[in-house]
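The chain that follows stands alone, in the form predicted on its own, written as structure tokens.
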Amino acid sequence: MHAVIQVLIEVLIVIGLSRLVGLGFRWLKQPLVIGEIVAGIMLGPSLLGLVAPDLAASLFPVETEPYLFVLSQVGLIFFMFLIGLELDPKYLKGNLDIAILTSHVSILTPFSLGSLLALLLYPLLSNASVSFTAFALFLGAAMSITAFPVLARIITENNLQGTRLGTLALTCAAVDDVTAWCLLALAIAVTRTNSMAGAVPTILESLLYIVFMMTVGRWLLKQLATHYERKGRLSQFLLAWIYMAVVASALITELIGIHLIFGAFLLGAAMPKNAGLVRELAEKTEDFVLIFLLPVFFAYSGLRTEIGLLNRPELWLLCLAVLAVAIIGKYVGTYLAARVCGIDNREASALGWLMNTRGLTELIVLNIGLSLGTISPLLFTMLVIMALVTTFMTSPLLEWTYPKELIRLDVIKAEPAIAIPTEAVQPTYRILVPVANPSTQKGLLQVAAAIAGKKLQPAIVHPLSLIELEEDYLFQSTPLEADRLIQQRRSRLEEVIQSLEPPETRELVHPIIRISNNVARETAEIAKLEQADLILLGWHRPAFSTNRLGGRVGQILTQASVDVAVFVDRGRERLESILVPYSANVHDDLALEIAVRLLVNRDFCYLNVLRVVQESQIKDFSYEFRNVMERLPKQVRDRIDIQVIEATEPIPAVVQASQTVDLTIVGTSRAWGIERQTLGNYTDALAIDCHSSLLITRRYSQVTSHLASVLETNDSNTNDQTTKFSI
């Protein structure tokens, strides 16, 4: 088979599998990149080569490896350019003195421990062609790495960018990044000359090139930025010049004697941080690099990773030693330095775990070491395992050390719009309203504000806007860009809030805006953290179904541990007449409670409770229902009309009744044809045919009483005692 055809088939397999495994790891709340690295390993001798050697040899023959190598190096050059591009000096503004001390101790400790470990590993895993100095320098540098892109992504996903921990971690990682790359450059220079003295010319030339790039190079790049500002867009001509500069810079550092990735990184770091230019440049570059080229790099690394080399217990013990030195060195160094700087115990510990993230950056370093012959394939495999384990453990350990309740408190301090004055009465009733598109969901917010109201207990409505991040290493996932997106979304939400009527309801509404990679799961978690009594969400037609309770709505219904109501908006702005079809189940009880809340809050609102029975059924309401009706304030009770009709099919009767009302509220019960079925097939006949806007309610817990304060107030006025009651 022609080599080009063979390589294209390989690329096809690599991209498909890396996406598939990456999505699996995303589901496990792990960075996508970990899954992509694992996918690369699966294609190599560690899995495919082990279980189907003939197939592996035919799919990935040795002859095509040089082609994969070239593609992977091109991908690395532009990926390193993106890392340098995203390294904004703004990250160095917060706690710089603490960050410099912490980051350098966090490098010095693992570097020292790694060098000591080299005394043990060098005689066992290296050979005479590599000097001990080069081996120790490289192992120390590999232990010292913190992956800035993965760390930035974890910080953004956990909404830590507005907290002291997030700011400090970013600053430490930025300082760490620069120092670690310098150490690696030194290790490469020593490896290529095989002595410290021989590396001196390379080091001097590297320093001269850095000075050149930060002065003359930066001035030239500023001219490009000025040209961009004048044109207002990134033209293909300008993009060509920038890409040529990236490649040229990579070639220069390769000729100097360090590695071509440094030139690309240096150019990205030297680029003026013009917000528009950086954003457009990143967006134009990253898709092809991250989707096409980087998975090839993972596959190429996977082909060189052979876990089967660890075939003796003593080798696994050495692997554990490598892992222990990497984790302890990074964690203890960071933790102690942070504690010396006055950081409290929990934050210092969380910082230690964050700095332990290695990810793709470590894989880049290891591939360089293997290519230069500094490390053997066996040590390469051990270090790949170390990179995977340290990255995999970061998110769970961070969540364990610094739970979301504490993050939430820190974020609240950073968001005055959500803060409630301490002297004000604290809300006892909360509605969470997921808002996907602020421009089209004013009706949803209007209904939420009407249900919350100002006449019952102190209430609050939280429009929840989640900015979903689906991929790793996207420019959008950098903390600075995430902050910009959050501010942009907040402005749009504020515009909608200021248009709500009547004006006094606006003060009830306090938006929550977060970054998320799983909207349904995040919504359920925030509902729990905010102690929401009700989630009110709009209906979205699922991509592969027509039912109203499928897709993301169905996911929230499944995962939320609070009562949920789904609003199907027919565009009716009036909310004066309400219909509640009632069949005496817990979901209809919730529908009735919400309807009564609307009546209490809106004096001009009327409710029609419709009970549809067949000829043989009992026509009377239950004792509990009548009891609640009697306990409602008279001015509310007088606006409720209770009607019992006979009909063989209840749904057509409700559809007919909905013609004369503004809003119909029904429970997710079989009686109304919208029961959620166990096997996932839903019927929603009423939702389709209903003439008015529709609110579908699903009760999670009978403990939550949405009318408790109404009944309590009424009882206290009449009986001078408080009675808590649920329908």
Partner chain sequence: MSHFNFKSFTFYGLAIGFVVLLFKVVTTYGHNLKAPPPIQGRYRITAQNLPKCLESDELLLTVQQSGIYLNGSLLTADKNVELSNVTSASQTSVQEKPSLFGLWQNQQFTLSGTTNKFSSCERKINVRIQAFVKGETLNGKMTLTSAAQPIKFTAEREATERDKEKSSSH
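In this text the structure is predicted, and so the values were computed from the model without any measurement. Numbering follows the first chain given and starts at 1.
Keep in mind that the form predicted together with its partner chain is not shown, yet the notes after this line are about it.
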Which of S126, Q73, Q446, T163 has a heavy atom within 4.5 Å of its partner chain in the model of the complex?
S126
To verify the annotation, which of these, W539, Y228, Y122, Y209, has a non-hydrogen atom within 4.5 Å of its partner chain in the model of the complex?
Y122
Heavy atoms within 4.5 Å of its partner chain in the model of the complex: which stretch in 54-62, 662-670, 23-31, 692-700 meets that?
54-62
Let me test this: is every residue among L315, L370 and G373 within 4.5 Å of its partner chain in the model of the complex, going by heavy atom positions?
yes
Interface membership of F132, its partner chain in the model of the complex, 4.5 Å heavy atom rule:
yes
Test of understanding: in the model of the complex, would H510 fall inside 4.5 Å of its partner chain by heavy atoms?
no
Even though its partner chain is not shown here, does G198 get within 4.5 Å of it in the model of the complex, heavy atoms only?
no
S465: heavy atom within 4.5 Å of its partner chain in the model of the complex?
no
For a quick check, can you give me the residues of 295-316 that have a heavy atom within 4.5 Å of its partner chain in the model of the complex?
Y300, L303, R304, E306, L309, N311, R312, E314, L315
